[in-house]
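Let's start with one chain on its own, the form predicted on its own, as structure tokens.
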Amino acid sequence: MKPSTRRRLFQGSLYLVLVIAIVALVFVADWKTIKFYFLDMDVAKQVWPDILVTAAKNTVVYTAIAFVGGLLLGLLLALMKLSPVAPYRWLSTAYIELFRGLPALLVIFGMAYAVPIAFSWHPPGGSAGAGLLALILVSGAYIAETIRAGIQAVPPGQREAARSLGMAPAWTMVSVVLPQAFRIITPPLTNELVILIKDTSLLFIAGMALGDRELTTFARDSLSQTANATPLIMAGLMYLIITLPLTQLVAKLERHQNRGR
């Protein structure tokens, strides 16, 4: 038997196994029970349109705030880590390693409860503000490493050419290096944005007011009120509607960069 024939037979067997598994799943599942507990249209009508106009909107707003804040913090940390001044490098490295090593849930809990108690400080925006500040602190650590890698990926000749024209080091960084670095790191930054969208689901630990609830907190509260998991399915669909276009954008940007290289 030819190798190509064996390869086609092997691939065909894999398809057959997949089809059998799907058919078995369809016949084994209790669709009546699934529809009652997970796809109840009456429950869906109860949470609509609040799940869209309140929960989904808050999720998008929280993500935007946390991403912009994390981006600014990450840029500062990345520049500090590349600084010729050793204490700046040490501080930046310590911060990045600390917040990359801590779970985001623990940081949110600390900002919402431990820090206000320890310093008699009330975060702006209440519980939601404390949770957002925690997400900024965590995302800033991850984004800092992404930006640092992007800056170092810019060919050294670009800096040398700028300096040969008499440009100051700071202006070289702002006008020459950073624009190229951000073009390089656009796909990983977009991926970080997708992760941040899902991390907003951790804000429930801070305790959210009714009007401040994001998708997961809204769905969890609706589940408790209706004793039905349909709100969780709806929240999952909302997350997919938000994140799938972004993941496709990441793939498109990566293909574009690969073609450029």
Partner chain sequence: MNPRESVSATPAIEVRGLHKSFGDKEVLTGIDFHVDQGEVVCVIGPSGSGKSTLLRCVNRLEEPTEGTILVEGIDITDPETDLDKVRTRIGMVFQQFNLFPHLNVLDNLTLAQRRAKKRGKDEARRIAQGNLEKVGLGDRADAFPSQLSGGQQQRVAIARALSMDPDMMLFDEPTSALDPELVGDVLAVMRQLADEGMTMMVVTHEMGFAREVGDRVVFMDGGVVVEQGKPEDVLGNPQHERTQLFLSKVL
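Everything quoted here is computed from the prediction, not taken from an experiment. Residue numbers count along the first chain shown, from 1.
The following text describes the form predicted in complex with its partner chain, which does not appear among the structures shown.
Trainee: In the predicted bound form, does each of 158, 167 and 183 have a heavy atom within 4.5 Å of its partner chain?
Mentor: Checking in the predicted bound form: 158, 167 and 183 are all within 4.5 Å of its partner chain.
Trainee: Is residue 89 part of the interface with its partner chain in the predicted bound form - any heavy atom within 4.5 Å?
Mentor: Output for residue 89 is no: heavy atoms all beyond 4.5 Å of its partner chain.
Trainee: Does its partner chain get within 4.5 angstroms of any non-hydrogen atom of residue 175 in the predicted bound form?
Mentor: Residue 175: yes, in contact with its partner chain in the predicted bound form.
Trainee: Tell me, yes or no, whether residue 179 is in contact with its partner chain in the predicted bound form, where a contact means a heavy atom of each within 4.5 Å.
Mentor: Flag for residue 179 set to yes.
Trainee: Is residue 162 close enough to touch its partner chain in the predicted bound form, meaning at least one heavy atom pair within 4.5 Å?
Mentor: Result yes; residue 162 sits at the interface with its partner chain in the predicted bound form.
Trainee: Could you tell me which stretch in 136 to 144, 69 to 77, 150 to 158, 100 to 108 has residues with non-hydrogen atoms within 4.5 Å of its partner chain in the predicted bound form?
Mentor: Stretch 150 to 158 is the one.
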